[in-house]
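Quick setup: one chain, the form predicted alone, written in C-alpha cells, and binding and motion questions come after.
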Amino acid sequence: MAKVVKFGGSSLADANQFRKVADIIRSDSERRYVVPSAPGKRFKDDIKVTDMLYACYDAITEEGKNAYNQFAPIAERFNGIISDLGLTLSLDKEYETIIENFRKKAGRDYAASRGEYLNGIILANYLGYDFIDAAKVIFFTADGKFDDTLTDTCLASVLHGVHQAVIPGFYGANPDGTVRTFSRGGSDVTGSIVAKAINADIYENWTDVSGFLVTDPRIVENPKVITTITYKELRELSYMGATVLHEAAIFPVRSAKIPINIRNTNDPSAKGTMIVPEADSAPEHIITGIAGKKHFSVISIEKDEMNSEIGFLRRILTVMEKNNICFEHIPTGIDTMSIVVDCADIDKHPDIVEKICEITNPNHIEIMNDLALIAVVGRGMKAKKGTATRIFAALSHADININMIDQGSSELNIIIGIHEADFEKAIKVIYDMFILSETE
C-alpha cells in the first residue's frame, strides 16, 4: 500500500509549516512518496520563492547585477527554514551551482525550478527520506510535450527500489538534460505522474483549503465543501475557472483510476474532497459545483437554410483556424449559429467578421461582447427533473437576462451566457437556489 502526497507552497512556506507537514506524513506509514512545491507566502504581502527566483534570474542575466547580492534573500529564506528546524544541512554548494548557472543563462525554467529542488532537499533531510531529483525521472520530448511513456517507465523503475522518497514538483528534463517546467502550479501534475507510475492507492493533494468548494469564495461567502466529485465533474469545473487543482493533474491519475483527496495542511482532521472515477453514492445536492469566466464574445450568424448547406460549419472553422482562434462553444439552430470565443481573440482579429462573410455570405452577422459563461455542473442533474427550470427561474427572479444556453449530451452540465456585469450576482442566486435552499 502506498500513497503519494503533494504539498503546496503555502504548506511549506516556513519551518512551522514543515513541522505540520512532517506530522501529517509520519501519522500514516502509507504516505511514502512526497512531492513538495517551493515555499509560498508566509503572510499576505510576502513574496513566493518562485517569483523571487524569476526576479533574481532576470536581474543577473538582463541587468548584469551582482549575482550573490541578488541571490542572498533567496538563500536567507531557505537557510532560515534549515536553522529553525535544527538541521545540520548546508545548501551552500547548491547555491554556488545555481548562481553559476544563472550567470550562464541556464533559462527561466531552470531558475523557477530551483525553489522546488531546494525545498525537496530540505524536506527529504528533515523526514529522513531519499531525495530524487525530478530532472532524473520526469521527461519532456524535444518539442516540449510531456513524455509519459519514458517517465512512467523510469519512475516506476527508480521508485520500485526506494521505500520512501521526496520528488520535487513542477519540473523535469528535456532530451538534452536541460530543465523544463510544467505551467505554473505544475507540482499538482508531478504528484499525479508519480501516483500513476507507482499505481498508488490514493493521491493526496495538501493545500490551504479544506477541499474543493462548490463555488468561488470570493463571490459567495463560506461556500460548502464538495465531499465527493467525479473526474468528469472536476474537468468541467476546472475548464470554467475552478482552480484548486491544476487542470493537467487530472489526466494521469484518471487514466489509472486513482482517486485524489484534496486536504488542508492546517486542518488535517478535515476529510476534504474525494475526486473519484465514478461516484458510488448519490450526491449531497443536485448540483456539484458552479464556476464561470468572463470576457467572451459571441459571433452570431444567421442564414436561411443553413442546415442544408453542406460544409457551412467547416468553412467557418477553417477561417477560425487560419486566424489561430479557438472556439469555446457553438450553440446552433436551423438557420442560426453562435460561436463563443475569447474577447482577446476578437481584439487581435477585428476583421474576422469580414472573413467569415466572404466564405458564408450570411443574411446577418454580429458580435456581442462582454459575455460571461457560467457552468452549473452535477451528476445529480440527469436524474432530477426541472433543474434547468430552477436555474432560469432563479436568474429571472434576479432580473438577469440569459443570452445563451448550452447543455452537453451527458447532461452533466448546463452552461449559460449572461452579460458579465451580472456574473457575480448570477453565481450567488444559483448557489442560493441549489445549496442554501436544499440545506435549510
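These figures come from a predicted structure and were not determined experimentally. Residue positions are given as counts along the sequence shown, with the first one as 1.
Keep in mind that the form predicted together with a small molecule is missing from the display, and what follows is about it.
Candidate stretches 80-88, 135-143, 274-282, 178-186 - the one whose heavy atoms come within 4.5 Å of the small molecule in the model of the complex: Of the options, only 178-186 has residues within 4.5 Å of the partner.
Met381, Val34, Leu373, Ala38 - the one with a heavy atom within 4.5 Å of the small molecule in the model of the complex: Exactly one listed residue reaches within 4.5 Å, namely Ala38.
Heavy atom within 4.5 Å of the small molecule in the model of the complex - residue from Thr61, Thr387, Thr50, Gln70: After the contact test, the surviving option is Thr50.
Contact of Glu116 with the small molecule in the model of the complex (heavy atom, 4.5 Å): Yes, contact at 4.5 Å.
Phe170, heavy atom within 4.5 angstroms of the small molecule in the model of the complex: Answer yes; at least one heavy atom of Phe170 falls within 4.5 Å of the small molecule in the model of the complex.
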